[in-house]
Each structure stands twice: as C-alpha cells, then as structure tokens.
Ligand SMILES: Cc1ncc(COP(=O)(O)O)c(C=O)c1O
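Read the single chain below, which is given as structure tokens and is the form predicted on its own.
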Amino acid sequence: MANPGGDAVCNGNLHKHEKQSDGSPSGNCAKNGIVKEAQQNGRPHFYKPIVESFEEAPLHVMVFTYLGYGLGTLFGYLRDFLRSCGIEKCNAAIEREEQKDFVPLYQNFENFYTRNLYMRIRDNWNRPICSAPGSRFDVMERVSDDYNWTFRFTGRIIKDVINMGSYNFLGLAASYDESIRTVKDVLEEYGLGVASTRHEMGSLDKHEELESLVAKFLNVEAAMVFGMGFATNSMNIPALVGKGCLILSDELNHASLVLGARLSGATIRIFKHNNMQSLEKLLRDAVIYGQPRIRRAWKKILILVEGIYSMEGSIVDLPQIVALKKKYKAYLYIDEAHSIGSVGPTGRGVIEFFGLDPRDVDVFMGTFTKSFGAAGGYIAGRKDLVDYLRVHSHSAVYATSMSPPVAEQIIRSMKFIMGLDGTTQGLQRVRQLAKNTRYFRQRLNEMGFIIYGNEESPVIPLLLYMPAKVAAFARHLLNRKIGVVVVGFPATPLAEARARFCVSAAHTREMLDTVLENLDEMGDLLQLKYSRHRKSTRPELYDETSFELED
C-alpha cells in the first residue's frame, strides 16, 4: 500500500493533510470522483465545471496528412541515396573517412526526419528577436541560400510584430519603465550574479524575501526557489522518490517531469490524460498487487500532473485527482508552470481556479518564466518538506543561486499581482487575461478552426495537421507582422501539428481583432477551417467504466 500512516516524517517522505478544526477532512467527495462542495472560510464553494474541447479532424484531413508524411519519407530516402552516391551535397554532420572503423558518433538514420523534413521548414523556428517580448516585438530578418542549413541576416528589422507566441501572460516581461526601478536598484547594489550556491555564500536576503512571499502567495507553510525552472522538476523529483516507489504520470506531462521521474529510479506508469478511470485502475492495482515480483507495498505512490498542459491547452481535472489521491493514500505533485498567475480569480493557479484547499496538494511546483516575466522556479508545501529539499535536492546544493535582479523582478511582479504595491492593477491584468482568452477562443471557434483545450486556458492550440501548411501558416503570418509559434512532431503526435497561441493581458482588443482577421483570411487561403463542431472521443481514452470513486 501507499504509506497509509500519514505521519510527518523528514526523511524524504511527503506528508498527509491534517484535518480541520472540527475533525472532518477538508472538502467532501461525491460518487465518480466529482468533488461537489468544499468548505472554505465557513462557506461552501462549488467547483467550476471543466469545459474542454478535443475535436476530431475529418477523415480526409488525416488521410492527406499521413499521405504527405509518406511522400516526404519516400523523397527523403531518394535524397539520402543521392547523397550517398555523391550526386547531392550532404550538409549534415557525417563521420570522417579516417573514422569509418570507429563506432559512429552521429547516428545517421536517427536524423532522417531532421534532414529531410525539419530542415525544409526550419526557418519557422529560432527566429531572432531583438526587443522585449511584450505585446509587440521586433524580429531580425534572415534568409537562407542552402535550403535552411545555414542562415544569413539581411540587416533589416521587422518592426512591431504582434506577439502571439510568448508566455508573457500578464504582460510583465516588458522593456524598462519606472515600475521596475527597484530591479535597477538591486542590480546596482547586488550585481548580476551570486557566484555561489545557497549552501555556501549565495543565500541573500532577497532570496529569503522571495521565498516568504511565494509561500504567502500560495497560502502554504514554506517555499524555496531555484535558478532554473526545468531543473526544479528534474532535480527535485529524484529527491522525493526512488527505488521501491511508484510514479503515476499523465501521458502529456512536460519533458522536465519525465526526466525527473526517470532520474529518480522509481517505477513509472503512465495514465491517459485527465482520465480518472485510467488513473484509478493504476492506483487500485498498485495498492492490491504492490511491487512486481516481490509483492511488497510501494514505499510511496506519487501522482505527477500539470496545471495547464502547454501543448494541449488543457487544465488538469484537479478535484477528481484529489479525490483519488485521498482515497488511495497517494501523494500529489503538481507543476503549475503555465497556470500560476494565469488562472484563478486572483491568479493563484488551479488550486484557486477550482476552489480547493492548498493542503490538498502535497508538492507545489511552478516557474517564474511565464506570468512573472523572470526566470527560475519554486517548490512549495509543508515546511518540513521544504527543509528536507534544502539539504537533499541537487538543484539546491550544487546549482548557483538565483540572480538578485531576477529575484527582485519576481518580488515586484508577485506584489503587483497580490496588490501589495497599493494598486489593483495586478488584479485587473488577471481579469483582462481571462477576458482576452475567452474572446479569442470564442472567435476562433466561430470561424470554424479546430482548437484544443479548456475554455479558460490562455494557451490555445490551433490544429494545422499537414506539415506543408505548418510552414505556410507561420511564414504568411510573419509577412503580416504576426508572430506565432508552430509545433510539430516529435513535440506533438505525428499527425497533430499545430500553431500555439498564447494570449496576454497586454494584448488590446484591436490587436486581437487584427490577428483574428488575418487568421480568418489564412484559414480560407490554406483551407484550415476543419471544425464540424462535433465533440471528439479523445478525452475518453479508457473504455472501462467499472472503476468508480465511491463515497
């Protein structure tokens, strides 16, 4: 079983939630795992229903998509043959003739996709930006003379491109103005870097102030901050679980969560995205059968989920996951990289979005790279958990401390959101982001595009499917001074290439209307309006319905 004792132990175990003062557990559970009501501040709070869309593409679209990849593969083999014969020049990294008897350093076939498809449309990625990533930015124009193997800059700057790709949800990643004078002051007083770890000479009063503020913002006991968001996941998960532990990971989790789970040495099992039947089956089997072969109880069972899934625009079904977690005595680790600051009435993430008690989550993780316009990440929760990680986390012990100006930018942004700067502008931006999100999603739906995700998610994937249309879409929009991010395999399933829009509170209605007008024209030009307004079966990926959550 999954450590049902629930005691507060400091040797790396996570900790169970305490009961409320009246002796009853926080929150009430109903059948099928849907939490209907929670008691907060003496008043009942009803959870917001989840409204998400994953519409299927018409059959002919999928046929042409796979046909396009098939033809690309055939021509790729033909071009590889021409390169091997010396008829076509090979620009990829190859082994020298003197090393032909050595084990190959470059696995030639593994780069087949990169050589023959990605390179043809590579100009749509890594575009150099030469301004702050605000609602508009400047792009350096570049061209290629060898089919995107190399680029050269023309010297021309494409000015005032509408930014629909940055995670600048609240518009706080902006050029210098009077509001960030404190960041300049900290830079002058502390310098740029710390040149030491927190355990040595790198712990500053600014770090302490930031950690206290994060804990207050999240309404938890303690928090600690790290200089890199990716490492916050990949280096802290191995400190929490190890051999003999079980990790249950959502199939769409970010690469940092996947890497952290693999580095931990724990057994990993994948459940279907936001599918409670799939998750409960894994939990039930874990409790009944224990570890493989030896059948001993798992030391710990840790559920890994994200707040907002950055490729799908989906929001985690947190009430049901919390209900399952409590039922099976598991632990819950939630990555709020994209949801903190961007959802919830006051921007406090999915816990506030669903009206849950922060004690329902064992480990809070988030980054400062999106809503806060800075860098780094945090782990928050109970004080003894945070104290344990300060000693055992590789990212805390060996990594250089967060830069002081970066810490001050986060402090400034967080106080702005919380209203501690004496204004309500932060709250207004959170509300403006929600308005922009709903407006943009609604208009895209009305135009007939297939978009994924939750209606409240500021991350909005628009499905393009065909690889040729991916390139044409991004190139045409840049010509119209609209910057978008297009994503394809292997970051997405092979046949589900998409454009990913990120709405910001800094976007005005005029900017959004300009983008929508151009998208309407582009949808007609490239024939991208695939929607038939029919709900997909995609969220229901698990057929078994016998796994119910009972009271």
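Start at 1 with the first residue shown and count on from there. If you're wondering where the values come from, they're calculated on a predicted model, not measured in any experiment.
Form predicted in complex with the ligand: not shown, discussed below.
Asker: State the residue from 433, 248, 380, 337 whose non-hydrogen atoms include one within 4.5 Å of the ligand in the predicted complex.
Answerer: After the contact test, the surviving option is 337.
Asker: Among the candidate residues 353, 230, 328, 440, which is the single one with a non-hydrogen atom no more than 4.5 Å from the ligand in the predicted complex?
Answerer: Partner contact (heavy atom, 4.5 Å) among the options: 230.
Asker: Using a 4.5 Å heavy atom cut-off, indicate which stretch of 366-374, 142-150, 467-475, 403-411 touches the ligand in the predicted complex.
Answerer: Result for this chain: 366-374.
Asker: Give a yes or no for residue 236: in the predicted complex, does one of its heavy atoms lie within 4.5 Å of a heavy atom belonging to the ligand?
Answerer: No.
Asker: Could you tell me if residue 429 has a non-hydrogen atom within 4.5 Å of the ligand in the predicted complex?
Answerer: Contact with the ligand, no.
Asker: Verify the contact flag for residue 256: yes if a non-hydrogen atom of it lies within 4.5 Å of a non-hydrogen atom of the ligand in the predicted complex, no if not.
Answerer: Because a heavy atom of residue 256 falls inside 4.5 Å of the ligand in the predicted complex, the answer is yes.
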